[in-house]
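Provided below as structure tokens are two forms of one protein chain, presented individually as structure 1 and structure 2.
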Structure 1
Amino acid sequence: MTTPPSLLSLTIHSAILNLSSISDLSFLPDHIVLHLFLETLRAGKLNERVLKLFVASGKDEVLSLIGAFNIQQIVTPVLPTIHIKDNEVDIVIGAFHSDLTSFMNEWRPVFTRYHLIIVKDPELKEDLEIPDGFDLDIYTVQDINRIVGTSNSIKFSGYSCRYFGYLVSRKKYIISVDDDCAPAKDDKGMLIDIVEQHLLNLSTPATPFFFNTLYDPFRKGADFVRGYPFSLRSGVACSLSCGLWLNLADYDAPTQALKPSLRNTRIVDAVLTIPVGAMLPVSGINIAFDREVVGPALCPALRLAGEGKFRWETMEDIWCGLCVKVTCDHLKLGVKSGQPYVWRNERGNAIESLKKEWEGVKLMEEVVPFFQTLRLPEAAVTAEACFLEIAKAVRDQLGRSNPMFSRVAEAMVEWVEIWKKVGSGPLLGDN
């Protein structure tokens, strides 16, 4: 015969269902509050507000359990704690086409609030055509040679010209977008403001040490799921935000050649933190980062022998992303991926590009295991120090079997020297 529930258990059950309407527990006997706390834990109903309710009761046994279970109150609110001002942001654009009129006008609703750095590809011969109405600085090959000088290892041509923009910026945050991208629209037909979303990603904490199955708990309408350790809910600073693409997604040449009609038409309205230890292929097409914290780790070190002019013919951003991820993991910083989206226009021939990218496809099979197992010394406490340690490991481990990696390591060391010389203070030759 089943024993009927006691009056106390029914009362506790009812209280758990109505915790949202209870404002004070201090008047209840200690054993009742303790029982209620334990049953609340078992039911998975302990959230930030309920925890504060139990703490405010002042019951010693409950407070002792909270300490024993290492349950910590969240000190970081769901809304951003960092307010990023417009004058703290540079938008960096690598100019690979001479006529930027259409590109700039499409982005005008987003770009006009911010300062722009446009770096002209040194191999582009025609003068740039840019409409009026923007706050911008334009850098050409003459500026590159004047400010950086001649480098045997670092080349700022092609997609690598954007890194010169990272170098000469003096703002804390950088948004980087390709000139073959247009603003995307969400499912309601509204323009997606990539700057606003990137800055939201950077200004709210990342959660790399424990995966939240509702993705970014700091986005509006989300929170931490049941079972997420309270001791990890404050998160860590986010230093890199990786956006995505509609229409022509950032596939590699083999995939695009096999599926020439494949297009990305679906927006997934989500942002997630990449877990610590997990690598990812960062694409420079649509990213944002904290320049002051991880800027020195973004370097165009890896150049393929047959590198071309289309994104799937290059690997410099993939290598750069692996270096940044290892750096962020070591420094306990976060990397996010997801929103915002841009619309990528059609470019290039995947079959022709496949001939040039194949070297990079093969390299990834060797490079990824290297980065997955790489551990940096505790003495490396800055991005510069981390990057130099990565360069040393590249030279000692990868360079033994492939001389290309020795050149990559040399370029990484030279980049840090250039960053220290040029990356802060007045630019060389400025009045």
Structure 2
Amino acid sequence: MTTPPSLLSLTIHSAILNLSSISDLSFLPDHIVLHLFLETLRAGKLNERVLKLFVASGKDEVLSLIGAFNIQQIVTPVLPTIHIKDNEVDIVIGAFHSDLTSFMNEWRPVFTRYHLIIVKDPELKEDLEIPDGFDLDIYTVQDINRIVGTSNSIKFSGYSCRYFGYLVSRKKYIISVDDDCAPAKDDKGMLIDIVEQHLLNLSTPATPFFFNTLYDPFRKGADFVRGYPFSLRSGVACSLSCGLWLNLADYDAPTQALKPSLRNTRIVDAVLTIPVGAMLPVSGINIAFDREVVGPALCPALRLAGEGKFRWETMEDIWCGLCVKVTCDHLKLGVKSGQPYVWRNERGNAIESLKKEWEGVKLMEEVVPFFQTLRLPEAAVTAEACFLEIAKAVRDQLGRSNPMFSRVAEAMVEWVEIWKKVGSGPLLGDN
């Protein structure tokens, strides 16, 4: 037995069919206009004219709903997503191995759509072996010396060589992946396209000012949960996307040494915005960022005395990540972490690295409280300005007890100079 339709529902149904002939809704009771609005949405009948009609009704609840769902002068409500073109993206790869054949071939399905920047580690002597079929530019130590010069405190050797790629790129977005990574597969055995996922992360808003318990509200099938303030639902631009790792995860040398068989086998199918004020260890293995907005804040300023060629022997990316997070928090920009995953292959002997790693481990005890309490002046409204303020605080606060930090501060200041000269406009020395 079905309930017969109410007079109200019949009226609303009829009104939806005749929306084109209605020119005023303001005389109707509030709840009827609200009901009509929702049914209009559901029936897919909202167009520009109809939206104006509802706006003109002046009903508070309808206006709130329009605002809450960010419905603008368009046919259906859409997510505030940016569309990124392939030619707005550079994939930057630091080459620490001369033979990139298998690395490039494994990534071929993902990489061929985009322009690549490969920066050869200045300490690598052999010529690079790179298979055909990619759109790429290769930079070597000669290019580095020609473009940046040799007399400065920034060293582009080892993992730091990729930062030269960030500098010479002229694209809005950078994707960066280590050359010991291969594409991972999802639960259905499908190859994970890291570029697509990173660009999705960067092109949909981030929500750093309130935590959404169902993670990314802009993902298909998700939304903001009850209690999430409507005024915060439009979010902010996302400037940094931090991906994760299957197989060999990014642990430090002590953890690897103590748990030599520890492997990450679990894909957590989520992306989340790291809340404002919360610090995280950004790994440089698999990241993407908006170069135009935060590029100047990514710089290889911190180099450990005994830095080696394995990730667990470096801290430059962790330092960099803390600088970017503080900058994003200050500029009201978002940082996301989670998908996409890459597959990391085995490299190195963690026990051997332990002798070098301790310096980095000890540094973090001083560095993390510094960044957690750092507040930038209101006048700093660009990443450059923020980065220079951070450099000043590093010199004044951390540099006092440890001269290494004075050198870090100096490198940071110098980086901003280099970025101004080299990071925009035509490349110096190019014809």
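Treat the numbers as computed from the prediction; the structure is a model and nothing was measured. By rigid core we mean the largest C-alpha set that fits within 1.5 Å across both forms. Structure 1's sequence is the ruler for residue numbers, which start at 1.
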query	finding
Of structures 1 and 2, the one that is the form predicted together with a further copy of the same chain	2
Shift of residue 34 between the two structures at or above 2 Å (CA, core fit)	yes
C-alpha of residue 388 off by 2 Å or more between the two structures on rigid core	no
Post core alignment: residue 25 C-alpha displaced by 2 Å or more between the two structures	yes
Residue 55: CA movement between the two structures [superposed on rigid core, Å]	8.3
